[in-house]
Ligand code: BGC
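Just one chain is shown here, as structure tokens, and it is the form predicted on its own.
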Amino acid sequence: MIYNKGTGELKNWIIEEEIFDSGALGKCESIFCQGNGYLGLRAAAEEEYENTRRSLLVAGTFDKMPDDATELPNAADVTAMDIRINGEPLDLTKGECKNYSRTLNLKNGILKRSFLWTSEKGDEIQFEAWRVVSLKDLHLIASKIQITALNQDISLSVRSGIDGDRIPAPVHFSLQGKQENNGMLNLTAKTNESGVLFSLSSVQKAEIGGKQTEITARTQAESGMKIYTETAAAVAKGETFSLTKLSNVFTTRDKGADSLSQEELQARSLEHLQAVRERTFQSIAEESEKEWKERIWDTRDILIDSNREEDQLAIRFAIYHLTIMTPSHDNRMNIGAKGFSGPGYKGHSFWDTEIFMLPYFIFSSPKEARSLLEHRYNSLEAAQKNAAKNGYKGAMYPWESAWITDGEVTPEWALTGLMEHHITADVAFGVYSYYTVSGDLEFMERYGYKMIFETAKFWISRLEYNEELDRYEINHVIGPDEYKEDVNNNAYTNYMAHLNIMLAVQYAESLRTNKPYAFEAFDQDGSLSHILSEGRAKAEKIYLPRENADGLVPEDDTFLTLRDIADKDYSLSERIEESQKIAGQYGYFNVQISKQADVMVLFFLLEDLFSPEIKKKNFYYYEKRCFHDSSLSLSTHSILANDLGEKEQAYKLYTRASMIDLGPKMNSSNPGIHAASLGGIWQCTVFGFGGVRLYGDDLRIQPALPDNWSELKAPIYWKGQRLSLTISHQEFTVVNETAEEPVTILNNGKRYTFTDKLTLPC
């Protein structure tokens, strides 16, 4: 079980595991994961257990095994320690363990572990360990252990280093070299297919009672992909042995490092380690904590006054993981569906980024949002090749993305790579959302317009004309509801494609009128003229499903004709916890059940196109038939429920969403945390209960707090101005902290413009 711990200044900042369970290591290794956007380190214990899965992942370093999909390779381990007390291995499944605690401090990213252990021979020790991945120095990992002899003198040995042989299969590396240099260990390896060089270095310093006495250390390089130091010490009763270990990783995927030789990369790693080797764990941790404070928590923390403390913890947990999983240092990289917390989805990126996580960055850190969108621009050429390969024009973004030149990396057995085309419109929507919120015209001129135009060209070529009905359709697709494969006219896909084309028309017309030189530059191959003629004409005839006689917007051409099992009246818990069992019983494709929000995502993103009455009727219909068999689903339904005044249901859905990783299901996160659902938690909080929404081209703020929240405070950015929101049940106040430009918001259908401060009733 994971517990919300922390008191005083650390209240609602600490998550704790209070009981050691060797059978439930996976969940805690994932949710206690550490990182900084460059690398992610799974929270494996120092000692080894049967279910331990060590993982050190570095952003963008994809490799491909024969007959398998591209994936992030697992680098050599720097966390394992073979600790022996009087010759007996430290093993919490043997002997007796008391006072066990493992905590992650979300405020500073420090992982701490402590327990009292008595070996089977009766040797009693107090063990403490700390680990940090520096948010300031992206290459640096620091750890420290302390072992105190409690009931008698002990002979202690610790063996630790850089171990590539611990990497779980498949192994993507071939050893290039290993060496010891003045106590510093180095191991260099290369990925087998992509040829990315990794160079890892490590150095250790041991003390007893703060002094380097009665300690011997020797370095060994065994056969295989490992090199280590073995430290031995005699520790008297009451004395404390400590070992500090500093490690780093550099790769030729780092910006500007692609041409480095093996020797040059090794030198870079060793020079970096030499520069930090005399630093204490405490100084590194404090430097990282300062970065967390100044860059993240001082500018992005959200305060929730709730009678359920887990609400405050959940939003901080979300912001913490969104920080450590996002490679904002490099615009060639995107966010994986599991972040860096585990092997799930092979590190690939999906529509999760644009629809579920990008909004957090757009409203909280526009610079990082822009970097994520620049990644899509940098992969535009691969998207164009993907379109051509499939017989289309323009740019067709892959359903699963890895490195910017890889193109489609969805496993061949999955139809999603062939049919889940809405990702292309999702990317365009991300561009539109960022530009509308930020007003960043320079981004559009360098990157955004091109992406909008190229994705529109794809849809123009993708449309199929139905002569009988005189309309254009989009057939043979998979919408967000992946229970339904190879359907025609998925409503979400059709509407988003239409928006994509109309954005291209709008932007092309604007350029032709206001910046004819830019129009001519884009139109050298006739692209914009084509969009303004054929694109506009086709867009006017795209089939956009509207409500039928029952007021329902059909998910696709056949969904509402399938057998309806809603009379079974499955509860929300049954639908979530038994989703695959129940769906499999009826057949995923044969009945009116959905995997996740589909029409509901459409209502959320393009809510100004539908009346409240239509949204309400469809919400009740589709939610009852949704099995939420995706972590992406609950947050969308929560936001819409709140919009419809269903506050109790909205909060119930929100709490389920917030506990996907933090909750009691101990196998829920073994392959990694649910990255997009964490973006969803932020959206529930700010877009849902906070009522902040991009409504057309306007900023709408129309809060509706849950009954058990008394106040919400959140920062957002709009058109370059930083706004601070304070919301209660009675009123809300928006303060323009930047106060350089007037801000206009929409509330209850009326526009209000202010420069410094605005207060309105809720």
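Bear in mind the structure is a predicted one, so any value in this text is a computation, not a measurement. The first residue of the sequence shown is number 1, and the count goes up from there.
Missing here is the form predicted together with this ligand; even so, the following discussion is about that form.
Among residues of the shown chain, residue 351 is one whose heavy atoms approach this ligand to within 4.5 Å in the predicted complex.
This ligand is not shown here, and in the predicted complex it never comes within 4.5 Å of any heavy atom of residue 588. This ligand in the predicted complex comes within 4.5 Å of a heavy atom belonging to residue 595. At the 4.5 Å threshold, heavy atoms of residue 610 stay clear of this ligand in the predicted complex, well away from it. 345 is the sole member of 570, 345, 392, 543 with a non-hydrogen atom lying within 4.5 angstroms of this ligand in the predicted complex.
Checked against this ligand in the predicted complex, the candidates 197, 553, 632, 141 yield a single residue with a heavy atom inside 4.5 Å, and that residue is 632. By the 4.5 Å heavy atom rule, the three marked residues 337, 399 and 482 all count as contacting this ligand in the predicted complex. The candidate stretches are 681-689, 525-533, 337-345, 120-128, and the one lying within 4.5 Å of this ligand in the predicted complex by heavy atoms is 337-345.
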